[in-house]
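Next comes just one chain, in structure tokens: the form predicted alone.
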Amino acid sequence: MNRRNWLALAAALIGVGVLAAGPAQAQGVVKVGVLEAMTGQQQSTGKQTLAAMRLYMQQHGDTVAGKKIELVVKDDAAVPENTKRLAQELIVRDKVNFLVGFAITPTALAVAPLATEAKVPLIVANAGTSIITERSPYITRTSFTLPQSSTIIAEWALKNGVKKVVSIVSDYAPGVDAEKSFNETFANGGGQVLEALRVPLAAPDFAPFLQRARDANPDAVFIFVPSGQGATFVKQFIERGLDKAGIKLIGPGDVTDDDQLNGMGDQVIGTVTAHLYSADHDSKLNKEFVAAFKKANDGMRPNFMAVGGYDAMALIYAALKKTNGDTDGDKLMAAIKGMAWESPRGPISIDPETRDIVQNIYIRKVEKKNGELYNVEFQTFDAVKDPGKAKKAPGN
């Protein structure tokens, strides 16, 4: 074969190769790096979140805007040092287009500078400290902020005969957020905070703090503990006899987490919380979501961490549709700002100024329905922004 024929054959083969590879290249892959606690103290958070993300893909397909969606899951055990190292691997080696998850605030804060440097959108599906979205222009949130619920339960308590409280919170950023939001709102409304107690986050023993609370004889105990610790707190609350002493239990909804509620016993009936989601939320979309989630996960009931993961995937799909599959970080963040959709929890949106979630907050009471315990919603506060950021927003 002479040189001219060889070049012609080579060109033909290259052309065939290009054509054959064309559709795959055009389709491409969008990699979603998932940083979750699949082991350790927060493993229920990781389990719920990942299950919901996979359910969303099962229901909506694994292709959007011509791109195939691929989850790359890493177990950080909710240890910030692990999260940072694994995030670096996801960005540099796996070349992910999104980072999602973050069971607790310190893990999200550890990765914020990396998201900024790499211009990779970071979606907080779990953590609830107000400041997180301020740490990088590439952070948005589909979970909640503690002030959203804590200020509203304070307002509810003031209007419902609660005049004296003891607050008990886990001693880390979300706990401090919850404590500050509740105590300030309650005190400014004329209530009295008798004591503000903080419990170690790791391996907590609530008993001595509950004894101090009982000795103070408040009308109610305001409690915030991370998802997964609520059952332990309630058990010790009852063991110390606070319920029999007529002391009410109030707080954001983590303490009566849907994932653990049935194991808490009838003693928890009547507990009032303010929260973003209940598996009992009365909407067609939520009923379908709960049924599908249970079917896909051996009967497990979805909790608020599940809807955070489910809506993280909804946001990713919607942003990619808006950019027509373009994964440039700046274009994706521009698409995310102001996005609004219907979630199993109700209507939600992303505040274009703060990149934080705007959502309904519900007052709920634990009741028994059809032999099971549920957080039954009886009052709705519409379109609640993070209270701290609302004050900072232009014109406020």
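Residue numbers here begin at 1 and follow the sequence given. For clarity, every value in this text was computed on a predicted model and none was experimentally measured.
Keep in mind that the form predicted together with P-hydroxybenzoic acid (PHB) is missing from the display, and what follows is about it.
The stretch in contact with P-hydroxybenzoic acid (PHB) in the predicted bound form, judged by heavy atoms within 4.5 Å, is 168-176, chosen from 207-215, 266-274, 168-176, 79-87.
Of the residues given (A312, A220, L146, V234), L146 alone sits with a heavy atom within 4.5 Å of P-hydroxybenzoic acid (PHB) in the predicted bound form. Out of the listed residues S278, T105, T151, N97, T105 is the one that sits within 4.5 Å of P-hydroxybenzoic acid (PHB) in the predicted bound form by at least one heavy atom. At a distance threshold of 4.5 angstroms between non-hydrogen atoms, G128 is in contact with P-hydroxybenzoic acid (PHB) in the predicted bound form. Heavy atoms of M305 reach within 4.5 Å of P-hydroxybenzoic acid (PHB) in the predicted bound form, making it an interface residue. Using a 4.5 Å cutoff between non-hydrogen atoms, F224 counts as a contact of P-hydroxybenzoic acid (PHB) in the predicted bound form. Shown alone here, D258 lies farther than 4.5 Å from P-hydroxybenzoic acid (PHB) in the predicted bound form, counting heavy atoms only.
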